[in-house]
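Only one chain is shown below, in structure tokens, and it's the form predicted on its own.
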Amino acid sequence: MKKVLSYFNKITIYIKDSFRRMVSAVKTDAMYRRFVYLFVGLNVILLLSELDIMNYSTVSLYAYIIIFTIVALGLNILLGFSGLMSLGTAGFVGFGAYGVVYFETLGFPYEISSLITIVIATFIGLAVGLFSLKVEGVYLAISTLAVGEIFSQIFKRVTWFTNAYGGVHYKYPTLLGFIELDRNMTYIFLSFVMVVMMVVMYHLTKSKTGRALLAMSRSNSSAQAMGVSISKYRLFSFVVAILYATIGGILYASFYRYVQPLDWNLMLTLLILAMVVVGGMKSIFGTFLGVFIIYGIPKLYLEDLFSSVSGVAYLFSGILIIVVVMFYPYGMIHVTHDIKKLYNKYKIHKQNKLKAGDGDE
């Protein structure tokens, strides 16, 4: 009994120390404060919908943005930091959604079902990563596209796993076996997981591993000359990207409670790719911005403004990608830097005019 109490005290002390470090980081690190502001801002939307200030359906839209921000963060690690391409992202999102539903129907709790799904996806990611060691460029993209198409066919034909075109129904998750979440609590859970995944990516990119991935994205030969193991970090980046995509799929099933096979196609993968490119590669908040621009703006504004014209969202996305590639190749997140520069120039110009006026007097 004393050993159990001692072990429990150690865990309690560790949790307290971790909480103190987190609070200290929030106070001292501006990036952590931004994470907290984003979490609070997303949940203010929930409050506004409860007060009937905002449409209740808007919460579902922001839930989609949260889920695909997580997925796009994984692709950003693969594409932006590692310089590798994948066209099978949607397949892994679908696998995450179907997997958590299937394993919970077998009697496993939500956490175990999620863990089993993630572990299986990780092994698949390792297989894809091992194959990626043998191919480069467009051949790598085609091979990952093949993986996505394999998943697509599985979703449509393997009825014991996916119920084919009938789809599968789910329920809001029950955490730890007794905390039953409703729609609002599941939304808060989604936003919390998204912020956690952002923090993980932040620490990853600032670590030795992140620097190795950046070196690999710029030049394999230079990275090898500096002692970076290309095979190791390629495998790592594929596994991390697939991990993020699978978690996104699990959260999709948890919130929307229905999964059907037609959602997980190449078009969705290209949309996620557009989110990363438009928002900003190598940028955490740029990824969130990209998801909001590509999905949020068309759903919130354009579809209502152009309700009589179909396909406006795709037209908007296409034009925006062209504009970003031409003028902001590092993403729309860098528009803020230009705005700051213009504002600073305006302030300096105004101060110079005031000084010139004082000199005349």
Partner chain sequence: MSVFLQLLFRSLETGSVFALASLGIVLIYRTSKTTNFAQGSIGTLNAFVAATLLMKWGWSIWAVVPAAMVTAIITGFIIDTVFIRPANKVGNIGKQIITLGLIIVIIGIIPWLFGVEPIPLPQFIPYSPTTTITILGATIGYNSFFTIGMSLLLMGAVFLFIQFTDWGLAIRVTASNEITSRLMGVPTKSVTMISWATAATFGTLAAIIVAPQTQVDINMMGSIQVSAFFACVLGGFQTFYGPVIGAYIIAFSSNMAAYYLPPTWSVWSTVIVYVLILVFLFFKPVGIIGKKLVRKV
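None of the values given here were measured: they were computed from a predicted structure. Residue numbers count along the first chain shown, from 1.
Although it is not shown, the form predicted in complex with its partner chain is what the next lines describe.
Engineer: Of F161, Y256, F131, F285, which one comes within 4.5 Å of its partner chain in the predicted complex, counting heavy atoms only?
Structural biologist: So the residue touching its partner chain in the predicted complex, by this definition, is F131.
Engineer: Have a look at L181, L145, I116, V193 for me and say which one sits with a heavy atom within 4.5 Å of its partner chain in the predicted complex.
Structural biologist: Exactly one listed residue reaches within 4.5 Å, namely L145.
Engineer: Quick one: does M281 come within 4.5 Å of its partner chain in the predicted complex, counting heavy atoms only?
Structural biologist: Judged by the heavy-atom cut-off of 4.5 Å, M281 is in contact with its partner chain in the predicted complex.
Engineer: Within a 4.5 Å heavy atom cut-off, is I154 in contact with its partner chain in the predicted complex?
Structural biologist: Answer yes; at least one heavy atom of I154 falls within 4.5 Å of its partner chain in the predicted complex.
Engineer: Can you tell me if G167 lies within 4.5 angstroms of its partner chain in the predicted complex, counting non-hydrogen atoms only?
Structural biologist: Contact check for G167: no, nothing within 4.5 Å of its partner chain in the predicted complex.
Engineer: Check G318 for me: does it contact its partner chain in the predicted complex (non-hydrogen atoms, 4.5 angstroms)?
Structural biologist: Output for G318 is yes: heavy atoms within 4.5 Å of its partner chain.
Engineer: Just one stretch in 247 to 255, 94 to 102, 185 to 193, 132 to 140 has heavy atoms within 4.5 Å of its partner chain in the predicted complex, so which one is it?
Structural biologist: Comparing against its partner chain in the predicted complex, the contact stretch is 132 to 140.
Engineer: Looking at its partner chain in the predicted complex, which residues in 89 to 103 have at least one heavy atom within 4.5 Å of it?
Structural biologist: Not one residue comes within 4.5 Å of the partner.
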